[in-house]
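The chain that follows stands alone, in the form predicted alone, written as structure tokens.
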């Protein structure tokens, strides 16, 4: 049974900057969970929000938002995160059904897929993130007596450090097929760091592995600076996404993977809105216009 987490949980790592965006996504997943037409269920998400003083007043149900779905942040943007969660859930489970036995979450944040998805019990979910973020998450989950459905292995290391050594020391096997996820991560990294990360994933993955990541077209970063989503996020909860995004040239990581022999496909979020009948659709001055979801597969011979 999921209980109530402590209201005085240490929030090191999630109380500012990019770490605070993990709580934004948790709040959006909580709102999605309580929708009557929910695309994804995360019963732990609202407990992360309530455990962090910085966001204790944020909504976890759309009914708590005075203008409801008309609110650009808690309506449209939160629906975007709900859709993204569902699409990436489906990708991971599909990859496991086709042979991947290891799951690697890059910049895992407050991701609870190890607990809420139906994994085969012999599979391993590695969660890579900074120690403070993982410690905050663990304290909340411990308070809730939460039990993972697969082997959950936190890997407390900054992705700017030697995370490969940390991951392999934690038990990751490069010779076994794996599925990797970089959700809401790459646009916070400088272009060269993204390229290095993608190259490292290629080097660490066996044939039959898969990777999904979210990218943002370079021109979108400033072209839509006055979009309702960016403005509402800054004004309502004090997160300036444009300040956090890296503004230098972006690499073509999908093209780089294709050149390395991967099979890749690139989609807009709106493709999946139309598929699921739920989620954001294009609108004028749209910050989501440049978002791309990339799915890549390393084929077997």
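Remember, it's a predicted structure, so these values are computed and weren't measured experimentally. Positions refer to the first chain, counted from 1.
Another form exists, predicted in complex with a small molecule; not displayed. Remarks below refer to it.
> Using a 4.5 Å heavy atom cut-off, are 25, 157 and 184 all in contact with the small molecule in the model of the complex?
Spot residues vs the small molecule: full contact, yes.
> Tell me, out of 215, 189, 104, 210, which residue has a non-hydrogen atom within 4.5 angstroms of the small molecule in the model of the complex.
Looking at 215, 189, 104, 210 one by one, just 189 meets the 4.5 Å heavy-atom criterion.
> In the model of the complex, which of the listed residues (87, 125, 133, 198) lies with a heavy atom within 4.5 Å of the small molecule?
Selected option: 133.
> Spot the stretch among 71 to 79, 105 to 113, 165 to 173, 224 to 232 with residues whose non-hydrogen atoms come within 4.5 Å of the small molecule in the model of the complex.
Among the listed stretches, the partner-contacting one is 105 to 113.
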